[in-house]
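Shown next as structure tokens: one chain only, the form predicted on its own.
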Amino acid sequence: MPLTIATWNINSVRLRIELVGKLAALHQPDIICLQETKCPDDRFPLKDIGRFGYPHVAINGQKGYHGVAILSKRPFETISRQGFCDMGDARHIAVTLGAGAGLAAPLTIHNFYIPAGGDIPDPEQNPKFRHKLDFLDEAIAWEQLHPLAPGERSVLVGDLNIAPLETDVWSHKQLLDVVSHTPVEVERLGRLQAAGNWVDVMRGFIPPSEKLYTWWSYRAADWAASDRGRRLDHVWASPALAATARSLAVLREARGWERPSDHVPVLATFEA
């Protein structure tokens, strides 16, 4: 049975709720993972989400900042949230789907929103960058404490706010000192991936030799013409699940929708 998972930094779910509906109508993903919802739990637009065909919703939100949510056509067996750095930030939520969702074996989905890190890539000068590095260190330790069992089916998606490969940015040379592509961030993201034994599903479909972006700055007068993008959004899967990956789509056209997010949705389909 195919299962399509979408991940999207929506940059305010209430402001862009109709874009969530557009994604649902055009592509009908089984599950939509949102980041940067910027919405407390009691104000999440559940009625709209239900209208779009997603009766099952897991939320971890806060007022005005951060926030993650998982919208699903299929029921959850469990929902969990993990905090990092004792900041009280809503940056992680996980769900497990099982027999009630029509799956032959359980599948766990982790939805992350890693801190952006500010503008100065120096943890001594920039507390936001220090927070980002500390968050990654805690996430690595957390992964090491929760190793996946052989054959376990799990996926980690979200806005990880790091573009690790040279082809994940429009100019490797010019962005080496820009937050999101600095060597210290890339090294930590690599350790996080290794700690969980995660497979980069996106690069399984689009070779590392090819440019691949999921984010274009609002600052560009014409984002499409300049095409100065970065791949900040990721889909990682456990080896058992990655082996069942069937398709991958980056919806670049969504960057041109009315009042868009600066990120675009990524859709991955697995044989679940």
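Just so it is clear, the model here is predicted, and its values are computed rather than measured. Residue numbers run from 1 along the displayed sequence.
Just so it is clear, the following notes concern the form predicted together with the DNA, a form of the same protein that is not shown.
> Within 4.5 Å, heavy atoms only: does Asp233 come near the DNA in the predicted bound form?
Answer no; every heavy atom of Asp233 is more than 4.5 Å from the DNA in the predicted bound form.
> Quick one: does Gly64 come within 4.5 Å of the DNA in the predicted bound form, counting heavy atoms only?
Output for Gly64 is yes: heavy atoms within 4.5 Å of the DNA.
> Although the partner isn't part of this model, could you tell me whether Lys128 comes within 4.5 Å of the DNA in the predicted bound form, counting any heavy atom of the residue?
Because a heavy atom of Lys128 falls inside 4.5 Å of the DNA in the predicted bound form, the answer is yes.
> If we define contact as a non-hydrogen atom of the residue within 4.5 angstroms of the partner, is Lys211 a contact of the DNA in the predicted bound form?
Lys211 lies outside the contact set for the DNA.
> Given that the DNA is left out here, which of Ile140, Leu103, Ala116, Leu165 has a heavy atom within 4.5 Å of it in the predicted bound form?
Selected residue: Ala116.
> Partner absent here, but in the predicted bound form, which of 56-64, 203-211, 233-241, 23-31 has residues with a heavy atom within 4.5 Å of the DNA?
Going through the listed ranges, the match is 56-64.
> Can you name the residues of 1-36 that have a non-hydrogen atom within 4.5 angstroms of the DNA in the predicted bound form?
Heavy-atom contacts to the DNA in the predicted bound form: Asn11, Ser12, Arg14, Leu15, Arg16, Glu36.
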